[in-house]
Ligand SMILES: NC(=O)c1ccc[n+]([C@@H]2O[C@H](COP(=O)([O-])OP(=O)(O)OC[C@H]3O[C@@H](n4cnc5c(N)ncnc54)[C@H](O)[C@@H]3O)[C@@H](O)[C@H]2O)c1
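Presented below, as structure tokens, is a lone chain in the form predicted alone.
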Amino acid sequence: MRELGIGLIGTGFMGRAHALAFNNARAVFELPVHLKLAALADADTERAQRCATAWGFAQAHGDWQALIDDPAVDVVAITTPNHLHFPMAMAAIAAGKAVYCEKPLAVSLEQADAMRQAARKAGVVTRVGYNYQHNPMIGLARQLIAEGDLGDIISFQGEFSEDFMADPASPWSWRCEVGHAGGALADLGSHLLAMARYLVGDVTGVCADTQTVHAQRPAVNGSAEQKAIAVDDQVHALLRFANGARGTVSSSWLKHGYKNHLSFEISGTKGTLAFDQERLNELRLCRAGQDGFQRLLAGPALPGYAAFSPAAGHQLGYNELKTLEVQELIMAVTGQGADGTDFEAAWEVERLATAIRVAAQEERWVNVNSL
């Protein structure tokens, strides 16, 4: 069995999630290659070495370019702040290596376009971390829609809200900088937009409103110095889908009480389907003629679930979804699968997000295909 070398850039929350996913994928799936955790990079050299040792990586680098240049690395996983996705991915593509990048793909549509064009020209495999789509229950939702259980889809209502920025005394971070992040729409809303496209299809038109509720935050925790905030705290948008359906999406990182509230209701002429990521092991389904919703529980009959549990109702979690994402990445890299969000599809998400920003700024409907 040939070896596939994994290089991981970044050691924060998502870096650790990726490391767990690569380790878990080796343990629970019969992969067509042997995964070698070849190298880990972080700007803090001591932290890079500490995490490499703890997570099982063979080599540590204090420079991300050194990781890309490392001949032992075949796949480059990028888990850094958003503004670094572009230079790192472009360097990895230039080196002919597969790229597994966290979302959102880039901080501008121009960058995202350059990334997809470079990947297409180089012929390298790319994937972007829209991990919620890899939930077996989302797969079931897509199947129910495709098989016509809901009839013709007429509406999508979605929300992704959390409360980690709800306290106005929470300090400024890179997420608050336009050039580094993009606000609640980029951080949370991009997942929701990707989900809407995945389940219902292309969006052709948008009208939107965005708002910065807290115009300044402490420069650091407890500081009297304030830094101005220009990114959105919340966004609300109307959508028109190519198939004729209509939709609404909203996203906020100020909404008290919500920790991972990626939720949607999809209605058709024959029924309605509802999901909430905070209850990620179930769907609610109401078919026409029923008085209420039926609760569908995740179980081993669904693709991916049985790798982690042989019994229904025993629950998968966030890290299992990331492991399923890694499995699909490895199958794609080895030419044995095409599932997952590549740079082309991620560019479509970025184009939709850009259309929402333009619509909000110019207070008008925007044709997504015009961008």
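Because the structure is predicted, anything quoted here is derived from the model rather than measured. Sequential numbering from 1, following the sequence displayed.
Beyond the structure shown, there is the form predicted together with the named molecule, which is absent from this document and is the topic of what follows.
With the partner left out here, the named molecule still marks one of 283 to 291, 212 to 220, 174 to 182, 247 to 255 in the predicted complex; by a 4.5 Å heavy atom cut-off that stretch is 174 to 182. Taking non-hydrogen atoms only, G129 approaches the named molecule to within 4.5 angstroms in the predicted complex. For the chain shown alone, D187 is a contact residue for the named molecule in the predicted complex, at least one non-hydrogen atom being within 4.5 angstroms. A residue is said to contact a partner when one of its heavy atoms sits within 4.5 Å of a partner heavy atom; R116 fails this definition for the named molecule in the predicted complex, lying far away. In the predicted complex, T79 approaches the named molecule with a heavy atom inside 4.5 Å. The partner is absent here, but in the predicted complex a heavy atom of W64, alone among W64, F343, F57, Y305, sits within 4.5 Å of the named molecule. Put simply, of V124, C207, L199, L84 only one has a heavy atom within 4.5 Å of the named molecule in the predicted complex, and it is L84.
Contacts between 300 to 323 and the named molecule, taken as any heavy atom within 4.5 Å in the predicted complex, involve Y318, K322.
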